[in-house]
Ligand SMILES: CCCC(=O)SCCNC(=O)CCNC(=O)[C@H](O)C(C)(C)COP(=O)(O)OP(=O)(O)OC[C@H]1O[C@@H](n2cnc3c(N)ncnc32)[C@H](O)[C@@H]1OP(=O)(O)O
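One chain comes next, on its own, written out as structure tokens in the form predicted alone.
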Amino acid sequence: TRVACPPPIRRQRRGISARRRLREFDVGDRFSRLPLPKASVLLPLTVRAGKLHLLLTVRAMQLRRSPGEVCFPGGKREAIDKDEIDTALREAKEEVGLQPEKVEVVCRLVPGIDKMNHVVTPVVGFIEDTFQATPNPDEVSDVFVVPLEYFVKPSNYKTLPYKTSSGYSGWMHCFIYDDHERKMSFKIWGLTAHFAVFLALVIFGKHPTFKVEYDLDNLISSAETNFMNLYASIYERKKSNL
């Protein structure tokens, strides 16, 4: 007869295997010297009811850029930050009251590029399931969690076309997540969805129910190639405008 694992042991195992996978995909400071402005976001993972969840925020409506949109805690690098991890942890503390020492940072994943042409580094860290966010009302109007598996097996998903200022065109993921407990729906799209999907692909190592722009047999190399192609298109345009 099979004996069910007590929840703490099962939770621990889930976290251990996720950490191992994530460390294999750590890019370290490989992209830190690219000559574009830098930003970072924290992808906070927590285990609830034996499943990995991802914490997200909703930007305050009075913000000039992307008001009311779902994002991860994060922002632009400042002079006091020694690296991308520092930026992500400082911003998470400012936005949702998450103390840096309460985050177990595991890795940095392949960056993305936002609408302002910042190189945005996703920093992945584990937080306790008991964490209670205290949103800074100047920056954040809401905080919620989504099961990580939703980003490979969504119930409400579509793609949206986009074109960068440099003429690079493609499509982006768009998820609608219904939080039944709170009777609210959240639209998760753009770079936030891009990072969430990649994180889920890394940890679960299985094919999603929708198309992705990666070679799933060579996930890290195809992610780096995609990023460098996008970066090259933006950097070339910036140089030609000088």
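The first residue of the sequence shown is number 1, and the count goes up from there. This one's a predicted model, so the numbers in the text were calculated from it and none came from an experiment.
One more form of this protein exists, namely the form predicted in complex with the named molecule; it is left out here, but the text below deals with it.
Could you confirm whether W189 comes within 4.5 Å of the named molecule in the model of the complex, counting heavy atoms only? Contact check for W189: yes, within 4.5 Å of the named molecule in the model of the complex.
Do I127 and the named molecule share at least one heavy atom pair within 4.5 Å in the model of the complex? The answer is no: I127 has no heavy atom within 4.5 Å of the named molecule.
How about S141 - does it come within 4.5 Å of the named molecule in the model of the complex, if we only consider non-hydrogen atoms? Residue-level check for S141: no, no contact with the named molecule.
Any chance N136 has a heavy atom within 4.5 Å of the named molecule in the model of the complex? Contact check for N136: yes, within 4.5 Å of the named molecule in the model of the complex.
With the partner absent here, would R30, L34 and D86 each sit within 4.5 Å of the named molecule in the model of the complex, counting heavy atoms only? No.
Given that the named molecule is left out here, which of D178, E69, D26, D215 has a heavy atom within 4.5 Å of it in the model of the complex? Selected residue: E69.
Scan A196, L45, I203, V41 and let me know which has any heavy atom within 4.5 Å of the named molecule in the model of the complex. Exactly one listed residue reaches within 4.5 Å, namely V41.
Going by heavy atoms within 4.5 Å, which of 127 to 135, 145 to 153, 109 to 117, 96 to 104 lines up against the named molecule in the model of the complex? Within 4.5 Å of the partner lies stretch 109 to 117.
Just give me the residues of 45 to 76, first to last, that have a heavy atom within 4.5 Å of the named molecule in the model of the complex. Counting only heavy atoms within 4.5 Å of the named molecule in the model of the complex, the contacting residues of 45 to 76 are R59, L63, R64, R65, E69, V70, C71, G74, G75, K76.
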